[in-house]
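The chain below stands alone and is given as structure tokens, in the form predicted alone.
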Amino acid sequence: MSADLAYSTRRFTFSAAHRYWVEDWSPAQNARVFGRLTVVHGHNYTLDVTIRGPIDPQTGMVIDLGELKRIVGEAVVERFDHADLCADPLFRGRVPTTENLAVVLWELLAPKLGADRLWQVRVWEDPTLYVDYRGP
């Protein structure tokens, strides 16, 4: 096995809707804290998935990028593209902020990619805002 360690990142996109709302709060409190974000709206999210590991001496890769594309496509893109995040069971009790979306995506991907190999998920809500998450 090669001692060379590398970080390989692949980018994915999906569009999803959400609104910010805490069920235990009154409508007035939700409006006070979240403002216009209490109204259903959507984003064209960009997800960067970074895998860390040794460079395979035979393939020259950290991970088979086709396999990474398949795993993220099945676990994330197919689930969330053109979906309402608020309706997904993974967001029960969680406001679907970009921070919480990053956590959920990590929770979906770590068991499939290996928590030791999954280095980071970066979720871009728009060109001016992203959240990095590196697991618990």
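Just count from 1 along the sequence shown to find any residue number. None of these values were measured; they are calculated from a predicted model.
Not on display, but discussed next: the form predicted together with another copy of the chain.
Heavy atom within 4.5 Å of another copy of the chain in the predicted bound form: which of A75, A110, L65, L90 fits that? Just give me the one. Checking each option against another copy of the chain in the predicted bound form, the one that comes within 4.5 Å is L65.
4.5 Å heavy atom contact, D116 and another copy of the chain in the predicted bound form: No, D116 sits far enough from another copy of the chain in the predicted bound form that none of its heavy atoms falls within 4.5 Å.
Close approach of A28 to another copy of the chain in the predicted bound form, 4.5 Å, heavy atom: Taking the distances in the predicted bound form, the answer for A28 is no, it never comes within 4.5 Å of another copy of the chain.
So in the predicted bound form, does any heavy atom of R79 sit within 4.5 Å of another copy of the chain? Taking the distances in the predicted bound form, the answer for R79 is yes, it comes within 4.5 Å of another copy of the chain.
Indicate whether M61 is a 4.5 Å heavy atom neighbour of another copy of the chain in the predicted bound form. Output for M61 is yes: heavy atoms within 4.5 Å of another copy of the chain.
Partner contacts in the predicted bound form for 82-104 (non-hydrogen atom within 4.5 angstroms of another copy of the chain): Heavy-atom contacts to another copy of the chain in the predicted bound form: H82, A83, D84, V95, T97, E99, N100, V103.
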